[in-house]
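What follows is one chain in structure tokens, specifically the form predicted on its own.
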Amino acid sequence: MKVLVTVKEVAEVADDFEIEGTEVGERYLEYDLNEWDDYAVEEAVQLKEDGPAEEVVTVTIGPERAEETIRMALAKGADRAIRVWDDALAEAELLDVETKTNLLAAVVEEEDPDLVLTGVQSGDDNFGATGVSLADQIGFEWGAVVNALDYDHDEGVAHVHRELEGGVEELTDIQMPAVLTIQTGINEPRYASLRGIRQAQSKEIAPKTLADVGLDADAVESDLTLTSMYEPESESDVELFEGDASETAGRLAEVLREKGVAE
């Protein structure tokens, strides 16, 4: 079984930052592997260690800078990686769900995986829809918000627990091939070992352009337009009490009495 894991580098914004046009200034950003994708990578690597999976391939959409993030997935056990990027993608103002779906679907067609794992959402744009959209486009069965997975290799079925609203869990059997969007808590992502980090340096990251995956610039045209970006205004202030427990408790009691919620 081949498992394809979609991964993404996400930007973390510094405490103090400036907005330049419709983006946060690049100098205020640091990049890391998307948290939910980290759990998806771990689940795929465990499938390989336990036997059902023979190969784990990661795919990302991102510039050359993203290779540093991808190598963390390789260091944790993925076998090889694919990075899709070119000038048309760099010039695109917004990579929306449809665009990502088109790109990832092209890679799926080329790789022909049995199982695709994605994070439920990304920590930056938070669309939370790419995995399900991908499943719809490639015609795979799918399960969203998966927080436990038991794969039956003989039957080709994934028994998955899904997290629903209100704390309700659902057990669903999903026939392969399938796309599963992975929720945090399904496992405990491992730290990359020094040996794994060294091995990752020699693993393949295959750069591909739109043409390489059979697409053209039309694939990145979006119906969405990013019109503005602003820092949300705070509707209240936060007061931090400093001192030992007695001092802070006393100050809190004063505030509660001033607000009329305690006597």
Partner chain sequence: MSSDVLAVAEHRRGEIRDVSYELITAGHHLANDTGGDLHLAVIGGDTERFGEDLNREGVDYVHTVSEGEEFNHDIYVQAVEALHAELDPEVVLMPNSVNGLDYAPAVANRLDIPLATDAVGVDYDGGLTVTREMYGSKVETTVEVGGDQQAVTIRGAEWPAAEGVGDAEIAEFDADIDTDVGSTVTGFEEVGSGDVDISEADFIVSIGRGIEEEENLPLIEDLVEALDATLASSRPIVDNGWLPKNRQVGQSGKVVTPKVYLAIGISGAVQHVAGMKGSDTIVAVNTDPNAPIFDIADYGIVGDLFEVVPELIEEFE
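Numbering follows the first chain given and starts at 1. Please read all numbers here as calculations on a predicted model, not as lab measurements.
Beyond what is shown, the protein has a form predicted together with the partner chain; the following relates to that form.
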Verify the contact flag for Ser193: yes if a non-hydrogen atom of it lies within 4.5 Å of a non-hydrogen atom of the partner chain in the model of the complex, no if not.
-> no
Going by a heavy atom distance of 4.5 Å, is Arg80 a contact of the partner chain in the model of the complex?
-> no
May I ask you to check whether Asp136 falls inside a 4.5 Å heavy atom distance of the partner chain in the model of the complex?
-> yes
Does Arg71 make contact with the partner chain in the model of the complex, using a 4.5 Å heavy atom cut-off?
-> no
Per-stretch contact check against the partner chain in the model of the complex, the hit in 208-216, 230-238, 195-203, 47-55 (non-hydrogen atom, 4.5 angstroms) | 230-238
Contact set, 236-263 vs the partner chain in the model of the complex - heavy atom within 4.5 angstroms = Ser236, Asp237, Val238, Glu239, Leu240, Phe241, Ala245, Ser246, Thr248, Ala249, Gly250, Leu252, Ala253, Val255, Leu256, Arg257, Lys259, Val261, Ala262, Glu263
